[in-house]
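Two forms of a single protein chain come next, each set out by itself as structure tokens; they are called structure 1 and structure 2.
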Structure 1
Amino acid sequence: MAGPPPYATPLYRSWYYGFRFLCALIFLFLIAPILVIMPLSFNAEPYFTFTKGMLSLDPDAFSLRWYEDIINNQQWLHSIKNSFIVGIASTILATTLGTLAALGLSRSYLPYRAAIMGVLISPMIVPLIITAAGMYFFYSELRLTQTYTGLILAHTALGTPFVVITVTATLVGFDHSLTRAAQSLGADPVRTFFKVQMPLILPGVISGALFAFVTSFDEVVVVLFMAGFEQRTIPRQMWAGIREQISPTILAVATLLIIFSICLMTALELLRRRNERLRGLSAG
């Protein structure tokens, strides 16, 4: 930001700085809540606010006790394990089903394309409480509530719209003459898919998978209704922590989750750039 041009009038100048100040405040609103809890998770005291010692950077005021708390707490460890089990299983299912569907949806001649797309995206749109209530009734009749299977199926349904959207978006620029070329050279459809199409749409597939994983990893409403104590995931455990016995351990978990989401975000950004490069949209 180079500052206002030298010929700027005082009015423009004040507008220029005023506008940037306003934007800075909005960015602060976006980012501050996330940044504030990171240092607080190192608080030596069981409070949710900065102590005098922390403000004067006294090393005694900081500690890792809440992180030790996570490691020593069976419930937290169990919920972390659950989150990964449910997340990974539902991601694999959602990505497989979603990618296949996206391949079909990318053909403009697919009959009732708009209606099908509308149905496939709906899990993203319908309020979670309605999804959770409906699934609770249905799955309890099948005796699938309080089971891993039920939770994985539910999270798969919630994750597929993201896969469908990202993969269809990747396929928009896909040159179908490549698959025709491969087939005319004697490759069967399966081979064509894995050797020609898959490498090109892979960035879209992976980012869809990441979205599906995050959806499952972050989901709590369906878990609240469908999971038993045995299937508690991280968000469910945090929910209980916030509602029942709020302890700074939650802040430590939150900090770890933020770091985790930064990793995911970076991965996604790299994939996006790779995708653009593959499709020749940008030089970099």
Structure 2
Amino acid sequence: MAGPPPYATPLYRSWYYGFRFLCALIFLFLIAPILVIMPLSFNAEPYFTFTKGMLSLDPDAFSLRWYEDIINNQQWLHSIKNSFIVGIASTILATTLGTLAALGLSRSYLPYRAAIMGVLISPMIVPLIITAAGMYFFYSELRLTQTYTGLILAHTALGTPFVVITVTATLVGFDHSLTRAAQSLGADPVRTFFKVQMPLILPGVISGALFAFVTSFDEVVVVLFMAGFEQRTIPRQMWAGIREQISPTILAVATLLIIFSICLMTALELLRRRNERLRGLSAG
């Protein structure tokens, strides 16, 4: 809508424009840190502030030296590799476990369904520092701290609730008569799942997997408790960089993470729209 309708009262017009102005201020407040970080990552000087040359748009004041430092620094490359290894492995586990749990929770005859759902999504509710401390003491007994296995399992526990919620939401409009029809035609449960259920809930599964991956990729508190130097991920390396040495390379990494997150959010939005079309919720 380009504006308020012609018959709108002055009070309605004031609310119409005032509400949009307030939303714009909130959006600017949320996006301002990103708008500051991205140009600072091209600073030719090792400062976290805008230099006079940058403010005057002097080409010599801008440089890619901090992006080159990411490529030439073995610690950053090691952290990037660890983030993808842990993120991909934990996403696969979280997607598998979360999808199976959502399928079980979609059954109306499942006893204590609400209680089970509460337990499964508890990592999203409990303060992360408490979860990280509990994981540390639990995995210490199993000798899984400072190991890739322990870190992957910890991130799996954090990502599974997102998969459960997204797949459960997808299954709300699922027609279970399709599975009964497949079973009546002689299909076993495994074949029914992959041939009937999975194609219809796939957008929700992929959305949950992306959420789980982003959760693992951005996690720093659990990594502080669970990981050693060899398991250091990008957020952990950024944390160490802020505490040990202030370098604009952190701004360059942050800019790349912002672009990466925007791409993932765009993919999630496209999947959401596709899911709505499959469920007949939109005319597109």
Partner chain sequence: MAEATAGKIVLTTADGVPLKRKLRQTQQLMKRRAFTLVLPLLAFIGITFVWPIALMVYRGIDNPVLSEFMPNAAEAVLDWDSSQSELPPEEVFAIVARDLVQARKDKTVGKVATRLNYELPGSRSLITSSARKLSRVEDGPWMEAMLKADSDWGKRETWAALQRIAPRYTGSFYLAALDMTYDENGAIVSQPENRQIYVTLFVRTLWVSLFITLACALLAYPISYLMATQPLRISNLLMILVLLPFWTSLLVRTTSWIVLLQTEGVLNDIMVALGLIGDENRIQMIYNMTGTIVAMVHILLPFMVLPLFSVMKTISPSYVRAAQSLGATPARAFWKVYFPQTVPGIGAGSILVFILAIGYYITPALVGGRTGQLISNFIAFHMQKSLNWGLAAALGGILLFGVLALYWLYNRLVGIDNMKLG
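Values in this document were obtained by computation on a predicted structure and should not be read as measured data. Rigid core (definition): largest C-alpha set, two forms, superposition within 1.5 Å. Numbers given to residues start at 1 and step along the sequence of structure 1.
Which number goes with the form predicted on its own?
Structure 2 is the one predicted on its own.
Is the C-alpha displacement of Thr266 equal to or greater than 2 Å between structure 1 and structure 2 once the rigid core has been superposed?
False for Thr266: its C-alpha shift is below 2 Å.
Using a rigid core fit, what is the CA shift at Cys23 between structure 1 and structure 2, in angstrom?
Between its two positions, the C-alpha of Cys23 lies 3.0 Å apart after core fitting.
Core-aligned, what's the Cα displacement of Thr9 between structure 1 and structure 2 in Å?
On core superposition, this C-alpha lies 7.5 Å from its counterpart.
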